[in-house]
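Just one chain follows, in the form predicted on its own, and it is written as structure tokens.
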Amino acid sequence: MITDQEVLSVKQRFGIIGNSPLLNHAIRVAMQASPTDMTVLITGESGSGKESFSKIIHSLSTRKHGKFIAINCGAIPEGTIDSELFGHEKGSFTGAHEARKGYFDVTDGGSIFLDEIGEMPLGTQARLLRVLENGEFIKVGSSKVQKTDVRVIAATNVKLFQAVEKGKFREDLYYRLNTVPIFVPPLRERGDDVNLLFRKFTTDFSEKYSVKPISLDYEAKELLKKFPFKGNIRQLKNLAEQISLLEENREVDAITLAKYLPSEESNLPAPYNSKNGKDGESSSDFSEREILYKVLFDMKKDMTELKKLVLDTYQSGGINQNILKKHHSLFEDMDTSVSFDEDSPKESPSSMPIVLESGKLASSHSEDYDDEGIEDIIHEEDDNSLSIEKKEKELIIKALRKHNNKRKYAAQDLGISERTLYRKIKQYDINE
């Protein structure tokens, strides 16, 4: 039975701050698994401190005098990861000028920490499974089977079982790695630990740069505790150092702290003036396409609603209050408000004319037009409305007028670069 004092001793030895029950449970599991040679799988979000647990397991094991190597599987290119882990023979591939030992050979008798194991290629996963099952591996370019005695500690910030279901991770390797699972809780689930860690980081910063440490009032501490911290401890440390460096007032309240906390808007896509879009696209091209997509989507939505309005009007013999209320979404962006109150005076069907695209008034009585006339109106509206260039030209003209022909502000309003706007003005022959 591991006592609280033993857990505290491990915390002090490895610099772990916090008293969260979830954190203490994870440390106890690591301490219990350390004396064995069982494979351990550490799960948790990025920045939650998974590597610290791998060091605890190695340092408290019988292999503590052997080598310990931490490898980030996501940082090694797929073409070289087999060579890095298992070694290669001279001439086995281009650039292999001499034989090289891999990490499983170098750490024989010790422990190897495979971080981001979910990023490991399937071919390498098969090689790793053989090491775990039989303690055997083969160098790249060799046919000789070599033996190794290495304890594997793996970690991931993705749900491996979902990766197994998608065929991105071997099921047999998953169950072989998950012999002893350890879950490292995210910072937002650790309660008051966030304030303890913040004080630790600001104290370290003040000692390093000989400045007075930052202190938080009660409201600021509560705000810090409620913040989600998606980057976990890494994000909190950056925040503490940022405030320690930039804030002149060393007594920080909630209002001041809120200025340093990222807003929810940080989860939205990058703004229009970012250098690159997705897959290397320029921001101007990406934003311009987004505008066109939005225009087409809005046009399609309005056209569908308009068709329903015309059909309902035809079937009921004219426009009435109920029809307008049913299709109120057509009038939401109009400057003149339309009342849909039940008590508002209702117009008789005969007094509500229909305005055709030509500008002429048509009687609302059903006998004055037929189905073909309605279809002609709808098709004509479709043909005229779905001109991308026309809509784009109208948007540009409207933006220029809004900003008194100042291209810089018009381009910002449209979400495109000033250079793209200038090209469009020339293309559509727009007189400024």
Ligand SMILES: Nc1ncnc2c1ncn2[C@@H]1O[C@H](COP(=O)(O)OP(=O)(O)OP(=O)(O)O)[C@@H](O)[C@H]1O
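Don't overthink the numbering: it's just position in the shown sequence, from 1. On a predicted model such as this, the values are computed, not experimentally measured, just so you know.
Although it is not shown, the form predicted together with the named molecule is what the next lines describe.
With the partner omitted from this view, the residue of F104, F169, F229, F201 that lies near the named molecule in the predicted complex is F201 [heavy atom within 4.5 Å]. Shown without its partner, this chain lists K221, R130, R234, R250 as candidates; in the predicted complex, only R234 has a non-hydrogen atom within 4.5 angstroms of the named molecule. Within 4.5 Å of any heavy atom of the named molecule in the predicted complex lies no heavy atom of P21. For D115, a non-hydrogen atom is located within 4.5 Å of the named molecule in the predicted complex, even though that partner is not displayed. At least one heavy atom of G47 is located within 4.5 Å of the named molecule in the predicted complex. For the chain shown alone, R190 is a contact residue for the named molecule in the predicted complex, at least one non-hydrogen atom being within 4.5 angstroms. Note that among 136-144, 209-217, 190-198, 174-182, the stretch whose heavy atoms approach the named molecule to within 4.5 Å in the predicted complex is 190-198. In sequence order, G15, I16, I17 are the residues of 1-34 having a heavy atom within 4.5 Å of the named molecule in the predicted complex; the partner itself is omitted from this view.
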